[in-house]
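For reference, the chain that follows is the form predicted alone, supplied as structure tokens.
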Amino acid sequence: MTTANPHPGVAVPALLERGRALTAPALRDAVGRLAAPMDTVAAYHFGWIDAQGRPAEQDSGKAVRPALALLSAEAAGAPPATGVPGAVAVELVHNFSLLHDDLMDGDEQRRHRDTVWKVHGPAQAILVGDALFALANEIILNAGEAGPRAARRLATASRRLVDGQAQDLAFEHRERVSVAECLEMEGNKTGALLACAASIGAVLGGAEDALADALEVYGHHLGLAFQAVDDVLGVWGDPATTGKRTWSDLRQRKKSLPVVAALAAPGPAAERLTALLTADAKKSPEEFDDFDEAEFAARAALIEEAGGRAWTEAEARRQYDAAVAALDTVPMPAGVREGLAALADFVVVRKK
């Protein structure tokens, strides 16, 4: 996709900043309910304090999910603030998954600084993740008359997210994973929660199921586009931009979309890649950790030669198109539709 803005009437940074500004006070208030030291550990994870407990102004992420929740409320004709409890709940579930994911993957860096388990230990990472998950459910259930209806969507999305995490881990120990299996995993791991973010504000705003369901379809495809871009960045992303190590997904033996698409392709590059990854699967973690940059670079080059990168970039566009098409199936204010389409475009052209 071109980086030219196809939605000149929409300022995506302003949508993201509105999501942060409206959600941040409620998110801080929610985290403040946690018992010590979990409140401090969570504050470090969110970037509000540094490892010594001093106030910090850390990059808190893209804020796509809060922006979606607020636009979702507006799609139902409600004020954007109506979506704030949904935005907070989704952010808490998302960050629960990040805390556990960092520990499971052994990632030592997130957003250019040490992860929670590295600073505060694995036990605190697990406990705080669990606490954020419980807090999310408490907040959404207390979100007024529509709270229980919204909570059902959040619960389903959370279960699917965990399903996706389990599938992702299992795939690391398999020699072969099909493209269909990978898409199912990524639809669970990433698509489910973005689908929830895109629909939960509408539910809180009193929308009928038809609108909420269409927004959920939009969010599901947006999540798959988001993850496809993430998969490309996980192999070829610039560490200075992504905050992760070079070849990060290859180091973790992830069966991401570029990898499975390359393995499924015909030709000598796919055959050489298959032989290398089959041999890699038999190596111990210690042997794998001893790989030098050239070995990971060789694997990345084979993935690209076999067409895995090009296929994944095209898949991101296909999912983007499906997301935007879903917006045309139900009535909503034109400005809201344009904002949701602009956010989808932002997800596909991002660099981190």
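Everything numeric here is computed off the predicted structure, so don't read it as measured data. The first residue of the sequence shown is number 1, and the count goes up from there.
Another form exists, predicted in complex with a further copy of the same chain; not displayed. Remarks below refer to it.
Site residues 246, 280 and 288 are none of them in contact with a further copy of the same chain in the model of the complex, judged by any heavy atom within 4.5 Å. Of the heavy atoms in residue 142, some are within 4.5 Å of a further copy of the same chain in the model of the complex. Interface residue remark: residue 109 is not counted as part of the site for a further copy of the same chain in the model of the complex, having no heavy atom within 4.5 Å.
Using a 4.5 Å cutoff between non-hydrogen atoms, residue 266 does not count as a contact of a further copy of the same chain in the model of the complex.
When contacts are judged by a 4.5 Å heavy atom cut-off, residue 217 does not count as touching a further copy of the same chain in the model of the complex. Heavy atoms within 4.5 Å of a further copy of the same chain in the model of the complex are found in exactly one of 314-322, 49-57, 32-40, 293-301, that being 32-40. Checking 273, 229, 151, 250 for any heavy atom within 4.5 Å of a further copy of the same chain in the model of the complex turns up a single hit: 151. Distance criterion of 4.5 Å from any heavy atom to a further copy of the same chain in the model of the complex singles out 127 from the list 119, 127, 179, 78. The partner is not shown here, but in the model of the complex the stretch 139-163 reaches within 4.5 angstroms of a further copy of the same chain through a heavy atom at 141, 142, 148, 151, 152, 155, 156, 158, 159, 162, 163.
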